[in-house]
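First, one chain by itself in structure tokens, the form predicted alone.
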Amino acid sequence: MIIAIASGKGGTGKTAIATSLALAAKRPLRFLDCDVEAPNAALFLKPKLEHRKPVGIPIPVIDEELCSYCGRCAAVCEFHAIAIMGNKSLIFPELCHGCGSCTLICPEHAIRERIDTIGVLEGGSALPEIQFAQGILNIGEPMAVPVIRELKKWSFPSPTGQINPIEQTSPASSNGLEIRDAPPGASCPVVETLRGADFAILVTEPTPFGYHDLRQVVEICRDLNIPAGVIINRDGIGEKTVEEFCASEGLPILMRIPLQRNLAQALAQGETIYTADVRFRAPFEQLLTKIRGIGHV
């Protein structure tokens, strides 16, 4: 089972929920921090990051001696990463998505590819039960999706060089569990994180901004046909709009977490909600059962 935790709005406590759920599961699982522009789940789970793997995308390189400047490569590139101006070819690596269409379509075989490193994956163990991995996008790189895509399929090597037994269990099966901490917002990185998930936990807050962004991420879940439930963080500080929206849309409210000073202090010190307050242990431990009932997974 793959559970993605998303929010739409940043700062709602998404990572605090994701890491608490990982601890409450008390079973072998994979935890993927897909917020590759600002990963911070490691602050709470404190993994020992023993493995690194660069992530790159193929960027076209044109051999001017072979190029006939026919313009087919520029025509096929929907991202306008290639331009042909007379007898001159221009490549804009920051626009390239690495799809390889230009290389395939070139009639002169004048295009080869070089790998442009845009980020890195890091992984290791966080407690014996948790295989932890995070993606880190290089500063200044505009595209997070390729890093997230590689993070989702990366296997963790063991010290002996063999694939860890946890990795041999498909997260999508009934025996495997994978938790994905999504980036904030409702753009392509969030869509890529949600893609393939069996259930989405949507973390929000009872404010106008929380309501607005929750609506956006709910639409993404529906487009991807992913069942979802809502956790209201900082419950009681704002208005009832979020609750009314959930009721009207048939979205179950899985949990309510009130605004408490002790929780804020604990989170600031790198402690999870699950470990900071014993009153939340049972609700988090019961969350997987609720999700199985709602999502039929």
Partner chain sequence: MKQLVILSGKGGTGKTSLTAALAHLAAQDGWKGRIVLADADVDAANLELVLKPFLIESQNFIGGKVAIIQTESCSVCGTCAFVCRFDAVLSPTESTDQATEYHIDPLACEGCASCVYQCPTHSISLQEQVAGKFHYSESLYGPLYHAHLFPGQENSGKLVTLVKQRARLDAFDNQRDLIIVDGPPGIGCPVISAISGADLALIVTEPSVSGIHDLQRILQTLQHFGVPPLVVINKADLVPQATVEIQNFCKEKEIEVIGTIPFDLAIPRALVASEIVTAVQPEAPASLAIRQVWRHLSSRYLGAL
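Residue numbers count along the first chain shown, from 1. Computed from a predicted model, the values in this text were never measured in an experiment.
Although not depicted, the form predicted together with the partner chain is the subject of the following passage.
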Which among 61-69, 233-241, 48-56, 247-255 is in contact with the partner chain in the predicted complex, heavy atoms within 4.5 angstroms? 233-241
Since only the chain is shown here, I'm wondering whether residue 107 would be in contact with the partner chain in the predicted complex (any heavy atom pair within 4.5 Å). no
Can any non-hydrogen atom of residue 128 be found within 4.5 angstroms of the partner chain in the predicted complex? no
Classify residue 155 as contacting or not contacting the partner chain in the predicted complex by the rule of any non-hydrogen atom within 4.5 angstroms, answering yes or no. no
Can you tell me if residue 123 lies within 4.5 angstroms of the partner chain in the predicted complex, counting non-hydrogen atoms only? no
Give, in sequence order, every residue of 211-249 that has a heavy atom within 4.5 Å of the partner chain in the predicted complex, or say none if there are no such residues. 212, 213, 216, 219, 220, 223, 224, 237, 238, 239
